Structures are given as C-alpha cells and as structure tokens.
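Okay, so we've got a single protein chain in two different forms coming up as structure tokens, structure 1 first and structure 2 after it.
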Structure 1
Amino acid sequence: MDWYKKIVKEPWPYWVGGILIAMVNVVLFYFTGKPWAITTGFLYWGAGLLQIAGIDVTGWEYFQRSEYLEVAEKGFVSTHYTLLNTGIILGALLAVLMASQFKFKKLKNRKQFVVALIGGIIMGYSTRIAFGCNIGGFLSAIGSLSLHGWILGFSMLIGAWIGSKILFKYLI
C-alpha cells in the first residue's frame, strides 16, 4: 500500500505542513476573527485553576491589562483556545495511532527532568511577557503583516543559536 505509506506513515515535507497550516489559519481567522494562538489558552487555564484554588488573580495588574477578566466571567474553559488546544492533542494522537507509532515516553533520567522543567518554566514565562509563543507571536503575527512577528522571529533565532551552543557544550 503505497499511498498508506506516503500519507499516513511517513512524515510530510515541511512545505506541505506549512501550506496546510496557513490554509487552516486563514479559515480559523475567518470564523473566529482571531489568528491561531496557543499559549494564551494555557494562561487562561492557569489563571482559572488558580481562581478555583482560591487565589484571586483578577486583581493582578497583568490580568487587568489582558482579556482575562472577560474570559473569567464566561468561565475559563469555554474559550476557543480550549477547543483548539484539545483538537491539536487529539489530532496528533490520531496521526500517531494511524501510523501505529504510538508510544509512551519515559523520562530518561533526572537531568532530563530538571532541564525540561526549567526550560518549560522559562518558555512559559517568556511567552506571557512577549504576549505570544512561536505560533501566536511569530507565525500568526507575520501572517497578519505585523512587525512584532518579525522582531519575535529574529529574537528567537538569536535565542535558539545561544541555546544550541549551551546544549552542545554543557548538556549533551
């Protein structure tokens, strides 16, 4: 089965993924009025869970400057981010299941755990300070002809360069 191997089993070329993402992003923008973003959804979930835990974040200056207050009124789960992010996870799951490449991945060692945790915290913090990750702040920003996407992209390039130097020299 040649088509099965090509479409389901083997990874698609980068340019095919790029065109498809661009097309879906345009459709998403048409229907929701907002281009694709991911981490803002994490922010709303994080803030919502803190509220449930009894920590009132609505008084924090950061949240007063964001759309969170409107989101909190409707319930933090009921945003389009929740739907999109769940969709990404389910879609990825479907793809690996169809390719029969599903696998539970273990933590390799303590070092991987610690480095990943620190990396995750830095990334999460940075996306909120920059108001976007590589999707909302870079991909969708450039697609919207906004200058900040190019600035974020260029800064990411420098960060990735420094990051890989550190990784290569000290971590592997």
Structure 2
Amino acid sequence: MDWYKKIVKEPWPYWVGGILIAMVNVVLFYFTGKPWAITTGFLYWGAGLLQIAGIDVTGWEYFQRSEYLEVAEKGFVSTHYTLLNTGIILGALLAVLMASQFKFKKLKNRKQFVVALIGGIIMGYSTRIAFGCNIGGFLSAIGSLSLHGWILGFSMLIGAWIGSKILFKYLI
C-alpha cells in the first residue's frame, strides 16, 4: 500500500499537477473545440436557476451573443460545462475523502463569514468581466497564445500580493 500513500495521501509535486492540467486542457479542446473554462458553467447554472424561478435571462445584454442564446434554447444545464463542473466537484470530494482530509471547519467569527462571502461575490463578478477565471482567462488563454492571459496572470500576481497584505494586516 506504499503506492496508495504516495499517490493518494501525499501531495504531488507542482510540475506533475501542471502537466496533468495541460493534458486535460488539450483533451477538452480536442473533444469540445473550446478551451477549458469553468466559471462559464456556473454562469449557466445560475441562469438556469433563474429561468426555473421564472426570470427570463435571454433578454439580458450579456446573453445576446449567439453562443449564449444557443445554450438558452437547449437549456442552460445541458452543456458540456455541466458534466465538466460536476466531475470537478465530485472528483475533489472523492480526492479529499480518499486522502482522509475531509472535515468541516467552524468559522472563527461572523467577520470571517462576511469577508469570505464578499470575496466570493467579487471573484464571481470578476470572472465574468475578465471572460474567465484562472483556468479559462489565464491557462487556456496562454495556451491559445492570447495576450490577455499574460495580463491576467500578472494582474493576479499583483492582486494576490495586495490581498495577502490586507489579510495579514486586518483579518488574520
């Protein structure tokens, strides 16, 4: 069982993760014809939930692009993003369960909850105006030789540095 411990329980080297992420990106591009993206799927899930609640999002300016209208006709949940994001969520759950790392953590205080909630909302909004998260807007963009991927990467580096300074000074 030494291999199980080495593969499942212990962290992998960064270079192995990088190679695997690159391979997944290539495979996804081959089968879907689109670069790897994650947050677009969550956008579709949210739009689908709004449609179920009786709110028609197809008239919103954001969804006027032909690819979004096509998705709206088929159903927001019936895209390859649903399968991909469900797989990521279930795969992450399976990985932490197999590594015996799953646990619920109690929030330290309300301030931690509010800061996490606000941060999540800002990150979600930012992925839409940046046309993707660190996967679609950075990794897939660089793989597509797009300049905006490098700009996003540099911006994330600066933002992470500033954010860590704020966290350590005011919140931790």
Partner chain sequence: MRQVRIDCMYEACPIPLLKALKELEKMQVGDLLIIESDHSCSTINIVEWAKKQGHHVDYQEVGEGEWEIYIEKAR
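Along the sequence of structure 1, residues get numbers from 1 upward. Since the model is a prediction, treat every value here as computed from it, not as a measurement. Between two forms, the rigid core is defined as the largest C-alpha subset superposing within 1.5 Å.
The form predicted on its own appears here as structure 2. Core-superposed comparison between structures 1 and 2: the CA of L147 stays below a 2 Å shift. Superposition of the core reveals a Cα shift of less than 2 Å for L117 between structures 1 and 2. Once the rigid core is overlaid between structures 1 and 2, L107 counts among the residues whose Cα shifts by 2 Å or more. Once the rigid core is matched between structures 1 and 2, the CA atom of S66 is found 6.4 Å away.
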